[in-house]
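First comes one chain, alone, set out as structure tokens in the form predicted alone.
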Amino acid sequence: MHPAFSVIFLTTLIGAGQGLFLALYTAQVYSTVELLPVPPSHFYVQGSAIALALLIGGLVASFFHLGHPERAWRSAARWRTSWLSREVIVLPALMGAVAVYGVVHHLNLRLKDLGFATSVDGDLALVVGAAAVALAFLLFLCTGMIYACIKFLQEWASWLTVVNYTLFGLASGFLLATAYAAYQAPALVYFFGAWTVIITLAVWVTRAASLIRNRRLKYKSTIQTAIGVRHARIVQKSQGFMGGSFNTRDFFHGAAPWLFRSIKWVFLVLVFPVPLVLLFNGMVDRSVPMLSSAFVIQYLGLLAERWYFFAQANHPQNIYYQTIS
């Protein structure tokens, strides 16, 4: 498939935003049960603002993929059957929940202000945050299922697609939370850093599993089944057109074979070992520049990973258009 950079930025930005919010809420839960020191309220306020900015950035990026942006609202109409429509509904809902979560912390609102007295500090934020957590994981599911539900694109049609979308978002979000904590709440750096290592190693395993799976795929369609000729050896000499068309532009990445192969190793290096090395070094002295560099490098790797994810999917129609001349 042809990788659309608008969708690449959409999925990576909202993934990081979801992961960052989930990291913030996890820290609040741990501090509520006294497993972590309580950070200042502005830690959650500013962190929520950063997460919201990432979610908004992803939403804005998605508009560049639309031929008629003014009709974007129609994309939510098929929510009963379309994972894309569900994503369009859940993303703004999550943005609203994250914004409310930040406002609750900023104003220090409690459940007693609504007539429900409890002895738990930050009780209203915990309730609002729990709703946002559910929306965040639902958004991961919707985004991943947009691709996993397409059965004829065998590279995508796997439970690993949803798992990888979720874990990549969590890894980038927790890494960003580690860098943010080094600046605003140094006592939480090791907490976020440890979770970042665990999640990054987990997605390293699941992404490697998907690469191995896709390499071993046996395609259901072949050039023999496509044209109805059962000869053992058929060689295509032409794509059937004198020039390019929608088919050749939208269903094939068009990159040189050496570039396509190189991108895989680029993201495997930038997403996993390099950020982990920088993370370990940055955690020692809580270095904001080093931890921030780890996030930036990993994000660049995620852009390459998402490009490869789209480009690797081999649409069955490419059987007819695989040869230029």
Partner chain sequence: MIQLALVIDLNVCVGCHACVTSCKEWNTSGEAGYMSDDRPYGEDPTGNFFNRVQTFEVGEFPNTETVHFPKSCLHCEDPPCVPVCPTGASYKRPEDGIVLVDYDKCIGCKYCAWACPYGVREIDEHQKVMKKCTLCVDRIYDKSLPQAERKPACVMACPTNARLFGDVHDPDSEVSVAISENGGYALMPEWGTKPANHYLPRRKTRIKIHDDELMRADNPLKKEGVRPKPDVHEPSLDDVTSW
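None of these values were measured; they are calculated from a predicted model. Numbering follows the first chain given and starts at 1.
Quick note: we don't show the form predicted together with its partner chain, though the next part is all about it.
Colleague: Would you point out which of 108-116, 71-79, 190-198, 123-131 contains residues with a non-hydrogen atom within 4.5 Å of its partner chain in the predicted complex?
Modeller: Of the options given, it is 71-79.
Colleague: Thinking of Gln154, Phe251 and His315 as the candidate spot, does its partner chain come within 4.5 Å of a heavy atom on all of them in the predicted complex?
Modeller: Heavy-atom distance to its partner chain in the predicted complex: all three under 4.5 Å.
Colleague: Name the single residue among Ala255, Leu141, Val100, Ile223 that comes within 4.5 Å of its partner chain in the predicted complex, judging by heavy atoms.
Modeller: Selected option: Ile223.
Colleague: Counting any non-hydrogen atom inside 4.5 Å, which residue from Ser85, Thr206, Gln184, Ser158 sits next to its partner chain in the predicted complex?
Modeller: Checked against the cut-off, the match is Ser85.
Colleague: Find out whether any non-hydrogen atom of Tyr147 is located within 4.5 angstroms of its partner chain in the predicted complex, and reply yes or no.
Modeller: Contact with its partner chain, yes.
Colleague: Is there any non-hydrogen atom of His231 lying within 4.5 Å of its partner chain in the predicted complex?
Modeller: Yes.
Colleague: Report yes if any heavy atom of Phe310 sits within 4.5 Å of a heavy atom of its partner chain in the predicted complex; otherwise report no.
Modeller: Phe310: yes, in contact with its partner chain in the predicted complex.
Colleague: Quick one: does Ile227 come within 4.5 Å of its partner chain in the predicted complex, counting heavy atoms only?
Modeller: Taking the distances in the predicted complex, the answer for Ile227 is yes, it comes within 4.5 Å of its partner chain.
Colleague: With its partner chain taken in the predicted complex, which residues across 1-31 come within 4.5 angstroms through any non-hydrogen atom?
Modeller: Going through 1-31 in order - heavy atoms within 4.5 Å of its partner chain in the predicted complex - there is one hit, Met1.
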